[in-house]
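Read the single chain below, which is given as structure tokens and is the form predicted on its own.
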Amino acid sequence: MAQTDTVTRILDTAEVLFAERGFAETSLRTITSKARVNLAAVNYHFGSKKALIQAVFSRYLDPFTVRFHHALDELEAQHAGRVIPLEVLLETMARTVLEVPAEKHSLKVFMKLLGLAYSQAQGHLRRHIQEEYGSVFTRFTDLVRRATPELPDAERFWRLHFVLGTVIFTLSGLDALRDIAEKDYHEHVSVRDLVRRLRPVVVAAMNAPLPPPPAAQPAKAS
């Protein structure tokens, strides 16, 4: 078996198992058994489970980062110093996210891995993502800040994460949602249809009025 084929087998198997079971629940021995390779091959090509987890994310995030930087370059050139509308930024990010998994396994696996990056990410993975891919996310956030000047920074942070959570939850459960739509509403829904329906929801969430400040607590009697 060629080295590149071995690496591909390991990565293909690892990303599916991580998406299905999580990082902690997936052992290297389970991965090697499913991939039909020996443990020495994982140690030789990756060195550790941490490095394997990072490599699984890099397979998606490397092409995503290149494509997203290029897409943002085009937007900035088109708008020539003007503020890029929020809905254009969100549409561009969604389109880029959809393009990347077509080269790999599936959109569902990609979304589940992104969900794990938030819910189960250990320190090494957060550092890896920040060091290797932080520049594109910082760039996107800065453009969103320009598009939403009325939002305090903390509020913008929460809304972006609420939006991301909505997108990840929806697209990672794509198969179940399609089944429900077809069975209960007689609709055949493509990924593009789903994104088209999702877009006004997330834009409205980002543009929603600010929540009222918390009520002042009555002073305690001395």
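So that there is no doubt, residue numbering starts at 1 and follows the sequence shown. Note that this is a predicted model, so its numbers are computed, not measured.
FYI, the form predicted in complex with a further copy of the same chain isn't displayed, but the following is about it.
- Using a 4.5 angstroms limit between non-hydrogen atoms, D62 is distant from a further copy of the same chain in the model of the complex.
- Although the partner is absent here, R197 lies within 4.5 Å of a further copy of the same chain in the model of the complex, judged by heavy atoms.
- In the model of the complex, Q78 stays away from a further copy of the same chain, with no heavy atom inside 4.5 Å.
- Contact check for A154: a non-hydrogen atom falls within 4.5 Å of a further copy of the same chain in the model of the complex.
- With the partner omitted from this view, the residue of V66, A181, A41, L28 that lies near a further copy of the same chain in the model of the complex is A181 [heavy atom within 4.5 Å].
- Comparing 52 to 60, 66 to 74, 184 to 192, 29 to 37 against a further copy of the same chain in the model of the complex, the single stretch with non-hydrogen atoms within 4.5 angstroms of it is 184 to 192.
- Along 149 to 174, these residues reach a heavy atom to within 4.5 Å of a further copy of the same chain in the model of the complex: D153, A154, E155, F157, W158, R159, H161, F162, L164, G165, T166, I168, F169, T170.
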